[in-house]
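A lone chain, given as structure tokens: the form predicted on its own.
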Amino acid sequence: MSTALAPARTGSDERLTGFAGEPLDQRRYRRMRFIRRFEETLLQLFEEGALNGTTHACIGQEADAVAVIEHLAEGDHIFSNHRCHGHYLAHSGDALGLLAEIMGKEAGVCRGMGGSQHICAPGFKSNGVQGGIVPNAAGIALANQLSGNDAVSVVFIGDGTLGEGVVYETLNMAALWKLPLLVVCEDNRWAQSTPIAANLAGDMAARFAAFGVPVREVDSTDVEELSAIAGEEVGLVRAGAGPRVLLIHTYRLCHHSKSDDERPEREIADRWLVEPLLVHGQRLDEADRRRIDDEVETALGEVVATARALP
């Protein structure tokens, strides 16, 4: 497990990604708060009609992104899906580039042409085609292997993606070739508005194990617990152990997209009691937590104002 997060990337705002020397527990909270407020802000902007197209938020899953990505290094690569904002922000801290992209602005990460789901940036890709992102990530892993470096390719999928046949074709090849690939499966327990009991036969972990791919399974929203496990898994892949799977049983607190939600209200309410910011925020002094909340709010307000004014 790392003892310090990687420094903020060039162009990112320290109020969002963390200050040099900031205690690790505060920086983790700051990054999760950053992702949470970015997503909540996006949903508000959608209601205003300020976005270019649709958007899918990751509210409730912030700890997954922060815990995994803090263990990645220069040269590693992330491939994400339609719910990619938290992964991208944990990787880059580029709130303005992402917001401008989703608003269809020229200054966006992809000049406003990729929108919410399709990001192409250094060390990061995302695509809304579920399942299809897995062979892409495996291809990056193969390129790294052939280059002789120790870079890791990480792909984030959801439980719904396990219904795609190309996932299993790729697992077969990745296992045979011992590719440096880490699959992070975020089990939302619901695929869009369908519970896993209605669309997933058998055991999730067993699907990966059938190819001889080791699975680390965890049911947690605690960023510290997730980080400890993620650090071990990334380290094993980097050391040449071949592909591995980190199966995180998590929960999406918001709707699938914006209004498509048929989950029981009581179920969602219970999950808010163990959401990542609440779990980790209890480790901070109230004064520190409030200060971080205020700093994030101020910085994001500036990002939104700047994005609105962009051509």
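Worth saying up front: this structure is predicted, and the values here are computed from it rather than measured. Start at 1 with the first residue shown and count on from there.
Below, we refer to the form predicted in complex with a further copy of the same chain, which is not included among the displayed structures.
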Query raised in the report: Does the 4.5 Å heavy atom contact test between Glu217 and a further copy of the same chain in the predicted complex come out positive?
Result: no
Query - Any non-hydrogen atom of Ala197 within 4.5 angstroms of a further copy of the same chain in the predicted complex - result: yes
Query raised in the report: Would Ile229 sit within 4.5 Å of a further copy of the same chain in the predicted complex, counting heavy atoms only?
Result: no
Requested in this report: Considering only heavy atoms, tell me if Gly235 and a further copy of the same chain come within 4.5 Å of each other in the predicted complex.
Outcome: no
**Report entry** Residues in 197 to 213 close to a further copy of the same chain in the predicted complex, defined by a heavy atom within 4.5 Å, in order
**Finding:** Ala197, Ala198, Asn199, Leu200, Ala201, Gly202, Asp203, Ala206, Arg207, Ala210, Phe211, Gly212
